[in-house]
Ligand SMILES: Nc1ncnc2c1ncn2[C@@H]1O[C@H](COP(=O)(O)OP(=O)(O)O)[C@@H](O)[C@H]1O
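Okay, so here's just one chain, in structure tokens, the form predicted on its own.
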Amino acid sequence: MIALSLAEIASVVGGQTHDIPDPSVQVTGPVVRDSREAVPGSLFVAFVGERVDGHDFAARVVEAGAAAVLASRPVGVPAIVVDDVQAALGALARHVVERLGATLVALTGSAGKTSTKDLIAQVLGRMAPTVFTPGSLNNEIGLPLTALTATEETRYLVLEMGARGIGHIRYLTGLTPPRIGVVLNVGSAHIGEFGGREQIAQAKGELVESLPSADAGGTAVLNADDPLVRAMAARTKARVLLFGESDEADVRAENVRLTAAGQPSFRLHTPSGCSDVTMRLYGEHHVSNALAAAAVAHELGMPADEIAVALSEAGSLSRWRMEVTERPDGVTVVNDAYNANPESMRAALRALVAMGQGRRTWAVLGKMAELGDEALAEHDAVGRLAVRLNVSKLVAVGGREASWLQLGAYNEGSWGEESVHVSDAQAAVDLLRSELRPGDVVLVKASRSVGLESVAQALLETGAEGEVAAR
């Protein structure tokens, strides 16, 4: 964070100083919410959680060198006391962002946010110092904490924004007002909480409503291939830049194909020129993500050939998102277990099939959460798709939703041993231990709450004789 005195911070957040002998002492380190991350000069934010009260760690963080604690009550050590710690954290982030003057890029969507954010950050990082959201810390706490890691050298700030209801993104854009806003898609993720795709579109579109006008440099980067996203052009006063495979997209892909390894390759077209891209990431769904990143880079003045090189060299920065690892025996494990929704499930299955040309393919799948009334139909459809794509074997892991996956496969024509339903992750590991052969390709994917990353991790632990070892 940029250096600020405790007196300045108290003024910004509307707080009272307690037990601070010298208010001119500066916060020169990071703003943290985990006491283990406290270092000399840091500011510790004390949240009260369901199980842990951050105020209990106040003395410990000051002993570690923290300049003060942002708290909701006096804690016996230097503290800035406020009525609402979360609101104060947001106010501090807004102040710092306004002081910096960096170009702020915000993005949202039902699927692909984190992968696209990582791509944008890697591309822009070639031009100037760039700060971006780590992992998926995209909520009312993670977003301001990310913004507060920016320094005077930061030129680009790339922030992922998540939402679980109407008004959430409006709140986040109030903390960190973007100049460029990217909306990737409107899909089924969290549809049970929102109540329908139209409600999801309403929430996601709050991002483009927050943008400055075109005359003030505001730009809305919208997916031309998604009708609900494209319609958001009517909701913004910013300039609209379309990306996608549509002929009407300003930044588009042509001649899209997957390599033998399952990596997307395409011809990138931008208003400033064309160039070829072959990505290191896996799956055709990354084409849309790459186009969104290319549109942002184009808007910020990067030539097409440089964008193409940056996209071709970009890797995965976040865990458990199409992580591809080959074991010594030739078994390839694709760990995509961070999260799942119908759109990302379909994309992952298609990537599995592309990677598995001439090899046996396994889809180890679990529950897709928060689908509401569409849960049965969507799980059934994914099970059917696995059969239509000729996946060698579907392993549905878990309870009711997993049984719907397996039933969909059965009803589509998987009547032999092509699909199986197992009770839990350990049962899946036991099955794979006994049946995997060298050269097989295994996809592991489910919603985060299922914890199927443990299956992928177990598959990658091999014993001295090359057998799969369970954790």
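Computed from a predicted model, the values in this text were never measured in an experiment. In this text, residue numbers run from 1 along the sequence as written.
Another form, the form predicted together with this ligand, is not on view; read the next lines as being about it.
With the partner omitted here, the stretch from 148-156, 353-361, 281-289, 206-214 that lies within 4.5 Å of this ligand by heavy atoms in the predicted complex is 281-289. Residue-level contacts in the predicted complex: of Lys393, Arg321, His269, His168, one residue has a heavy atom within 4.5 Å of this ligand, and it is Arg321. Residue in contact with this ligand in the predicted complex (any heavy atom within 4.5 Å), chosen from Pro78, Gly398, Gly112, Gly90: Gly112. Taking the partner from the other structure, this ligand in the predicted complex has no heavy atom within 4.5 Å of any heavy atom of Ser265. Residue contact check for Asn185: one or more of its heavy atoms lie within 4.5 Å of this ligand in the predicted complex.
Interface membership of Glu378, defined by any non-hydrogen atom within 4.5 Å of this ligand in the predicted complex, is ruled out. Using a 4.5 angstroms limit between non-hydrogen atoms, Ser344 touches this ligand in the predicted complex. Taking this ligand as it sits in the predicted complex, the stretch 145-168 comes within 4.5 angstroms of it through a non-hydrogen atom at just one residue, Glu160.
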